[in-house]
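Starting off, we have a lone chain in the form predicted alone, written out as structure tokens.
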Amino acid sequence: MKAPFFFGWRDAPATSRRLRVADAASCARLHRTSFAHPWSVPEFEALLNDPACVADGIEIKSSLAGFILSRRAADEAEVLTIVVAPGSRRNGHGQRLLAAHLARLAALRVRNLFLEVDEANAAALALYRRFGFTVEGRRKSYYAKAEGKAGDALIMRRALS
């Protein structure tokens, strides 16, 4: 079921939906816009075929504008990736996407959600903190950067129940 979201007078209506294997190429294209080492179409196909993977997206004008993927194990889940298209950022799409995903995971009886985030990604950190995530640890040199350096990841957690 699609649910319309309206983000203000200057934004086109966005539609929330679950992702399908047919979305793998769009996911790979969007992933390239945000990560130095993006995932391939076959990697997204494998994830979207995995019954443990929970995948949600938003469309604007029939085009995928953002998505989030998590993997469930028992009553826990881990956010694998979240992306909003560069032209759609700073319009609340990440907030709407994360809120819908948290609700879906809670409905699936996930009790704790974990993620890793680049400690230098101020926008992502602000989003996660706004949603009640707390820092639980750090992974040194976790993220490979385009310039050949490595960045630390913060491990964050949020209780869903």
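Here the structure is a predicted model, which is why all the values come from computation and not from measurement. Start at 1 with the first residue shown and count on from there.
There is another form of this protein, the form predicted in complex with a small molecule, and it is not shown here; the text below is about that form.
**Q** Would you classify F35 as touching the small molecule in the model of the complex, given a 4.5 Å non-hydrogen atom cut-off?
**A** Yes, F35 lies within 4.5 Å of the small molecule in the model of the complex.
**Q** With the partner left out here, check for me: in the model of the complex, does some heavy atom of R71 sit within 4.5 Å of the small molecule?
**A** Looking in the model of the complex, residue contacts with the small molecule do not include R71, since no heavy atom lies within 4.5 Å.
**Q** Does the small molecule get within 4.5 angstroms of any non-hydrogen atom of G92 in the model of the complex?
**A** Output for G92 is yes: heavy atoms within 4.5 Å of the small molecule.
**Q** Using a 4.5 angstroms cut-off on non-hydrogen atoms, would L102 count as touching the small molecule in the model of the complex?
**A** Taking the distances in the model of the complex, the answer for L102 is no, it never comes within 4.5 Å of the small molecule.
**Q** Any chance A24, C27 and A55 all have a heavy atom within 4.5 Å of the small molecule in the model of the complex?
**A** Verified in the model of the complex; spot residues all out of contact, no.
**Q** Identify, from the list V110, L64, V117, L47, the residue with a heavy atom within 4.5 Å of the small molecule in the model of the complex.
**A** After the contact test, the surviving option is V117.
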